[in-house]
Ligand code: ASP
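We begin with a single chain expressed as C-alpha cells, specifically the form predicted alone.
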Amino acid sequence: MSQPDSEAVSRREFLGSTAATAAALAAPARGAEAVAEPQRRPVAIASANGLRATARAIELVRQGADPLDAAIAGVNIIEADPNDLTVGYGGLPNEDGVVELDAAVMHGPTHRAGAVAALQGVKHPSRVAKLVMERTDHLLLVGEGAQRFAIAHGFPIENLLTERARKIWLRWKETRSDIDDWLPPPESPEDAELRRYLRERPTGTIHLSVLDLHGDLAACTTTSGLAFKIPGRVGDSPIIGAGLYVDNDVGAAGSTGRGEANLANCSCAVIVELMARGMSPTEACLEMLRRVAKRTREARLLDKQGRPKFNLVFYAIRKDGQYGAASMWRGRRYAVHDGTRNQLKDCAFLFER
C-alpha cells in the first residue's frame, strides 16, 4: 500500500532538506554576520469585491510593509468606497437606518488580534480593530464603547449613510409590510435598481488574507453586516475563529456570506486546522462547507432538496503559498494576487441550482 502524501518523502525532498540543514550548520551564529532571509512570492486573497485591495496589499509587502498593515491598507480602499453597499462608508444600514460596522484583524507573527462590532460613525473600523489589538488588553470592543475608543484615538465621527444607501433602506421600510403606515412613492426610473437590492436580502463583506515575502501571514475582515439587521446584531466578521483566523505556522482563512451559519461552526479556525492536517486550502474550504450544510437543520433555511438556501464563501492561504476559495453555491468568484498576476477566479462550490 502506498503511503499518504503527508508521510511520503521523495529522494529530492530528502536531499534538499539535508542540504538545507548543512547550510544552516555552516551559517554564522546569532550575533555574527546577519544571514539574509529568503524571499518568497507574496500572495493576497480576498472576496470578489477586493481586486483593488489585493493589488494594494501586494504593492505594500513588496515595499517591506508588515502583512497586517498591507491587509488593512487594502480593505481601506473598499471601506471608503460609497459604491460598495456592504462595507464601510455607503454600507446598507440596520433596520433603523443607522450604519453599524464590524471588523477584525489578526497578525500571524505575534498571534495577536483585535476587533470592533456595532461601531457607528467611523469609516475605517479595520483601523480601530488594529488599535484594539495594539493599545488595549482586550480583543473585542462593541457599540458605544468602541466608538468612544475610536474618538479617543482621533477618529472623526461621520455620517456613513450615503444617499444611495438611504434610498434603498427607505424603499425596504416602505414595502416590507402591508399593515403599517409607510407608503412607497410613485414609480420612478430608479425603482428598478432599488427593487434589485430588495429581491434578495443583500449580504456582503470584504475579507483579505496576506502572505508576505518572508512567509508571515495576516488577515482582516470588515463589513457593514447584514442589511436591515436588528440594531446591535453582530455577525461573524469580528469574531476571531469565525470571520477570520491566522496561524503563522500553517495559514490563514476568512469568510463572507451568512454570518450566523459561520458563527455556529467557528469555520475559519477549523479551516486552518484542516490545512495543518495536510488539506489544500480549497479542500479545507469545501470540507467546512460540507459540515455547515450537514449541520443546517432549520426548515426555513433549507430548500426542497434539503440544501442550505443561503450562501457562504471561504478563502484560505497556506504558508507555502497555496491558496483557494469555495462557495456553498456555484457562481461566486474571488480576488487573488499570486505575486505575478491580480485576477478574479471562480470559487470551487458544493451545490448548483
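Computed from a prediction, not measured in an experiment: that's the story for all the values here. From 1 onward, residues are counted along the sequence shown.
Beyond the structure shown, there is the form predicted together with aspartic acid, which is absent from this document and is the topic of what follows.
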query	finding
Ser237 within 4.5 Å of aspartic acid in the model of the complex, heavy atoms	yes
In the model of the complex, Arg258 touching aspartic acid (heavy atom, 4.5 Å)	yes
Leu194: touches aspartic acid in the model of the complex, heavy atom cutoff 4.5 angstroms	no
is_contact(Thr203, aspartic acid) in the model of the complex, heavy atom dist at most 4.5 Å	yes
Position in contact with aspartic acid when the complex is considered in the model of the complex, options Arg176, Arg233, His138, Arg166, heavy atoms within 4.5 Å	Arg233
Heavy atom within 4.5 Å of aspartic acid in the model of the complex - residue from Val270, Ala73, Leu226, Leu131	Leu226
Per-stretch contact check against aspartic acid in the model of the complex, the hit in 111-119, 250-258, 168-176, 278-286 (non-hydrogen atom, 4.5 angstroms)	250-258
